[in-house]
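Single chain ahead, written as structure tokens, the form predicted on its own.
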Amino acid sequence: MAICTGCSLLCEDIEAAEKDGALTHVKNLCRKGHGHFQAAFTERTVPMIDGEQVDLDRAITKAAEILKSAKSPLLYGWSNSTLEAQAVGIELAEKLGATIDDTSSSCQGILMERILSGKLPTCTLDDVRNYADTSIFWGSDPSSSHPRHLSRFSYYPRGEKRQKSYEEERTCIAVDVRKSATANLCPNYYFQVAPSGDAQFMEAILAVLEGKIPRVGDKKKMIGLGSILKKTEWGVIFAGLGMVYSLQEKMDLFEKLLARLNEITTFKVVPMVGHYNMRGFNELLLEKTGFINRVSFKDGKPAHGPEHSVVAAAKTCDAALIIGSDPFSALPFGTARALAKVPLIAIDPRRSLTTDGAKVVIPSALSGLEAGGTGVRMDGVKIKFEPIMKSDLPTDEQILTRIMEAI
């Protein structure tokens, strides 16, 4: 069995066979996982310096020289790297006195911080499969982002307590600004919110739970939602980027809603993390520094704050190492432009906009396919995986170790 690192579900039931450097048989992959596995055969990177191909040793040596001479280096990405590579990366940041940040800084970090600190109750996906009778997909669309989420854990499967058909024992609710593919599965329980209207919607739910008339939405439908929530035996909210971006500094309202729901019944929160090991980095950095992201080691001890986010650090750093992400595609144009002005080192198995703009490119083995390691699923469960294909390329961990040894 192979493990797919195409998203944060880290599906463990993938059947794959390899022969002469090619996959001859693959089973149980979703469309997203299939694309991830195909990535092993397309657009692979080669070691480069200033656009010219060089040998791997020279590229690693050049990367070490750039980082060693930098006064304010930035190490960014990490969400598509193994726990082992992340641990070396944090050690490297400490050695360099660098700023280190990951993709959660501009997406799920504000939610993940509350989950890891215990402010929001959480659970595993196995708990959801076994016990949940109500699943709320809030600002998330797993049918598109995590295609096997509904079938493996949250809606269709039979669990320890939920043995009957999903139509009998499971209720699916979607809260979103538009009718997503997931919302189409539960048209009678789709609640449309206006952009940035999630806080108002939460206030309306709280009002209904207190027996009051809600101020927003279809009042009859909102009262019906309140009845479903009160009758729920074991519920879970799958919080996505839509909700996180909408709430921002009003995340305390979400904590208030969960606290109220748990006075009535059992309700948990699971973050709909995208990258396969974003949560792993957050947990590692929290254990090391007390913070999940946005950390600077410049003064010898970890400092945390918005000034150490990738958006801010991109404007002040004099060198950057990018690994496990593609900020030129994912971050605001101004941030990408700032990063493009400094010597950029990109460690990546595949070509991207970031590798195209990097001064130094170091190819690496694809995690889960060509490299083993450990990842943390969106629900906090650690998953260890072994490579299923042979590769002469070094792993992320090996590359970072060699860079640190050369500094």
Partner chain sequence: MATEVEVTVVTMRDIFQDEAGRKSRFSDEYRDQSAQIILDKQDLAKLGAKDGQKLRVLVKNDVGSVVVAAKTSEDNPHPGLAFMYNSPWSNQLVSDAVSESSIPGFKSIKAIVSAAEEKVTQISEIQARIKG
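Residue numbers count along the first chain shown, from 1. Just so we're clear, the structure is a prediction, and the values are computed from it rather than from any experiment.
What follows is about the form predicted in complex with its partner chain, which we do not show.
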item: Within 4.5 Å of its partner chain in the predicted complex, all of Ser144, Glu249 and Lys315 (non-hydrogen atom); value: yes
item: Listed range touching its partner chain, judged in the predicted complex by heavy atoms within 4.5 Å, from 89-97, 322-330, 279-287, 217-225; value: 322-330
item: Proximity to its partner chain in the predicted complex, single hit among Ser296, Thr232, Ser309, Thr171 (heavy atom within 4.5 Å); value: Ser309
item: Contact assignment for its partner chain in the predicted complex, among Lys256, Lys119, Lys212, Lys179, heavy atom within 4.5 Å; value: Lys179
item: Interface membership of Thr134, its partner chain in the predicted complex, 4.5 Å heavy atom rule; value: no
item: In the predicted complex, Asp356 touching its partner chain (heavy atom, 4.5 Å); value: yes
item: Exercise: Glu43 in contact with its partner chain in the predicted complex, heavy atom 4.5 Å; value: yes
item: Its partner chain contact at Asn130 in the predicted complex, heavy atom, 4.5 Å; value: no
item: Members of 28-54 lying within 4.5 angstroms of its partner chain, judged by heavy atom, in the predicted complex; value: Arg31, Lys32, Gly35, His36, Gln38, Ala39, Thr42, Glu43
